[in-house]
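Read on for two forms of one protein chain; each stands alone as structure tokens, with the labels structure 1 and structure 2.
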Structure 1
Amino acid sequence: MHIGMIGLGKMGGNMRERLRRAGHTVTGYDRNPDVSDAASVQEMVAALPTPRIVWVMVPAGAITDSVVGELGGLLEAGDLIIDGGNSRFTDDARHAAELGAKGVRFVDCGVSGGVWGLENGYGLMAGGSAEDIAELMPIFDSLRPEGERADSFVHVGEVGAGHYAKMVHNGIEYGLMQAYAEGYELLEHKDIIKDVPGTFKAWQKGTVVRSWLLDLLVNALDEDPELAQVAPWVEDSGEGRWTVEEAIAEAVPMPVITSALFARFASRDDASPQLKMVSALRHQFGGHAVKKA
């Protein structure tokens, strides 16, 4: 197939390459002319056969809104946009309605795999109509790992369902990472443990906790056995927050994923008014010494 792709960063750039290796033609556009195949979105659109298919792979929120809006003005009835970024699922219905008003089709697709996807393939979760998904299967099949389709691709439901599944995937990811990390800290603290990196390494085969994230953890300790180069400061990027918002909206208790999110908030909360207050209260009732700021 011949498709367009907007956004050629760590994800989009690798996806363009993986699609090309599989024999597809990709006309990519990126604000960075060094990696872009077209000088403008307009030029990219002009290069595509009809019905045009454009994969959008840009940061969620305002940038995706802007790109989808611009594309909507350039595409024609029967064309199709895939949002493969990490958009909130509630954005999808809005985009689909805006585009649908002029006959442009919309599919959302959660993409997992990170920087390793070029070689390993990506796990894909798609939302949209059965017809649109069917039409896109050659693209999806080339992006996902080889082997059984069902092991790396799912049509989750109508528009929005793909990003919802990706949101939950990332929420789970937060919990998994924090679980390993808590175990890591306890092993680091305990005097009788003489080989922390070796312990994680030995969990890679045969154990119940073996996973791809564990393999990455072993990589990280291979590169920096005491994580001396890394600050205890962790960003979060949307999906974790949205997962907890959905936990609230659906009244589902999700203590593990929420704890993982809050640990990240706390990592960036150096001033921590709450901890100052607890310290101040201990002083008030018990006369306990306060550590001075």
Structure 2
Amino acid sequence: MHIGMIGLGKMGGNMRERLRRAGHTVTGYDRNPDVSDAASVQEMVAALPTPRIVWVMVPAGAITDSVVGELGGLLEAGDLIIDGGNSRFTDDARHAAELGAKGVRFVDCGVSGGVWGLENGYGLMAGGSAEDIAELMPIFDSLRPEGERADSFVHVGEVGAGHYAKMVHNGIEYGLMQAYAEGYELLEHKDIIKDVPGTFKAWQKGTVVRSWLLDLLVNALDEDPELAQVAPWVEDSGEGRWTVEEAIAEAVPMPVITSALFARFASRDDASPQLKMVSALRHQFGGHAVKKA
């Protein structure tokens, strides 16, 4: 297939490369001319065969609104936009309605995989019509890891469902990271523990707490055993807050995820080793900036 992609940062750039390795043609646009294939969005759109498919990988909120609005003025009936960023699910219905009035189709897709996705593949959660999802399957299959489709891809439901699933995924991620980080601080405090990094390494195989996040925690300690270069300042990118807001709206108890979110708020006035670890983990899987100590 031949698609356009807007936003060629840490995720978008690697996704473009993975698709190209799979034999697809990708014409990408980014404000950074050093990585862009086209000089403008208009030039990118003009390079695409019809019906055009454009994947948007830009920050959620106003920037996504601006890009989708611009594309809506350039695309034609039958063309299709995929929002693969971390947009709030409520924005998807609005975008679909605005584009649908012009005959432009819309799919939302939660994407997980961070900076490791180029080699490992991405977990994908898509929302949209069955017909649109079926048309895009060659793209989804190339982005996800090899193996059974159901292990890394799901058509969750109608428009908005993909980003809702990704929101909950990221909320769970908050809780998992916080649990590892709290364990790290307790081990650091206890004088009878002489090898904290080695303890985590020993959990990587055979234990019930083994996971990719644990592997990344070990990576972080290999790079900086005392986390001396990391400040205990942890950003929250939105999905955690939205998950807690949805929990309140749906009366679903979420004490672990809520506590993990509040711990991030507390980190901004704290010197906590556990928040250093959460910050280090975010850098490991997503390439998120670390506030230096």
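When a residue number appears, read it as a position in the sequence of structure 1, where counting begins at 1. Rigid core here is just the name for the largest C-alpha set that superposes within 1.5 Å across the two forms. This one's a predicted model, so the numbers in the text were calculated from it and none came from an experiment.
**Student:** Just one question: which structure is the form predicted on its own?
**Tutor:** Only structure 2 matches the form predicted on its own.
**Student:** Look at R20 and decide if its Cα position differs by 2 Å or more between structure 1 and structure 2 after superposing on the rigid core.
**Tutor:** No, R20 moves less than 2 Å.
**Student:** Has the Cα of R282 moved 2 Å or more between structure 1 and structure 2, judged after a core fit?
**Tutor:** Yes, its C-alpha moves 2 Å or more.
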